[in-house]
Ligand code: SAH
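Below sits a lone chain in structure tokens, taken as the form predicted on its own.
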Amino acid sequence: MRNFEEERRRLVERLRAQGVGSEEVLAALGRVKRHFFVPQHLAEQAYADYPLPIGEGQTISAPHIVALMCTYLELRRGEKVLEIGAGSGYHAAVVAELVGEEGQVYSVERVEWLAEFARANLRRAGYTQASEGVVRGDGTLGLPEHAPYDKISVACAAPDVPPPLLEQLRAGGRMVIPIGKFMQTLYLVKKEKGKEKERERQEGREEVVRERKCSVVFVPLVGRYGFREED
């Protein structure tokens, strides 16, 4: 019988040795049972540091990518986070660990059965609050009914930052998003508060800063402000 706890510990130690992720994020990865979030026939590969297929051409991201994205976001307890691309629910589980029970995680998934798969996996792993936040919809439109969000994590590649997501990010908030069609660049997008720009804040024109982080490969973000399904 496989010792998943030991495999998870070794994964975290490998990432720590490589300098990937903050200590808070690595601790969260060490608590999330990734084998709950992969298809059963791939469970023996759950703690390998590479993406795995979950159906419909979608994947569960490699642990190091999840660690990097969560680190760039600087997630804090009590924050409200929007995730685009629920997939199997793994990323939402790590986010839930970091924002705690006093925080809230919402996830938008385009594929209906994957949304249910994510809900079931999150419930099984004990993240009931995150499971209730999974909805089916066009991720490029965000989830305006719960905005503004402290942080937004986009787990699929867009041609550019969808305007609705930027609108739903609070002043001072952070977003991570891969941009590009094939090989993409992961960007950290910061919506600056603008210390002496009170008028701009009142008019909703906060300054936006983009930082290039690293090269990545993600499935495309399909929707109104994303790619077309046939692209």
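One-based numbering along the sequence shown. As the structure is a prediction and not an experimental result, all values here were calculated from the model.
Separately, the form predicted in complex with ligand SAH exists; it is not shown, and the next lines address it.
> Only one of Ala158, Ile84, Leu122, Val81 has a non-hydrogen atom within 4.5 angstroms of ligand SAH in the predicted complex; which is it?
Checking each option against ligand SAH in the predicted complex, the one that comes within 4.5 Å is Ile84.
> Which residue, Leu143, Leu114, Val99, Leu73, is the contact with ligand SAH in the predicted complex, using a 4.5 Å heavy atom cutoff?
Checked against the cut-off, the match is Leu114.
> State yes or no: in the predicted complex, is some non-hydrogen atom of Lys151 no more than 4.5 angstroms from a non-hydrogen atom of ligand SAH?
Looking in the predicted complex, residue contacts with ligand SAH do not include Lys151, since no heavy atom lies within 4.5 Å.
> Verify the contact flag for Leu221: yes if a non-hydrogen atom of it lies within 4.5 Å of a non-hydrogen atom of ligand SAH in the predicted complex, no if not.
Yes.
> Answer yes if any heavy atom of Gly126 is within 4.5 Å of a heavy atom of ligand SAH in the predicted complex; otherwise answer no.
Contact with ligand SAH, no.
> Even though the partner isn't displayed, in the predicted complex is Gly139 close enough to ligand SAH, meaning a heavy atom within 4.5 Å?
Yes, Gly139 lies within 4.5 Å of ligand SAH in the predicted complex.
> Residues in which of 143-151, 104-112, 126-134, 73-81 have heavy atoms within 4.5 Å of ligand SAH in the predicted complex?
It is the stretch 104-112.
> Going through 57-95 from first to last, which residues have a non-hydrogen atom within 4.5 Å of ligand SAH in the predicted complex?
The stretch 57-95, when checked against ligand SAH in the predicted complex, contributes Gln58, Thr59, Ile60, Ser61, Glu83, Ile84, Gly85, Ala86, Gly87, Ser88, Gly89, Tyr90, His91 at the 4.5 Å heavy-atom cut-off.
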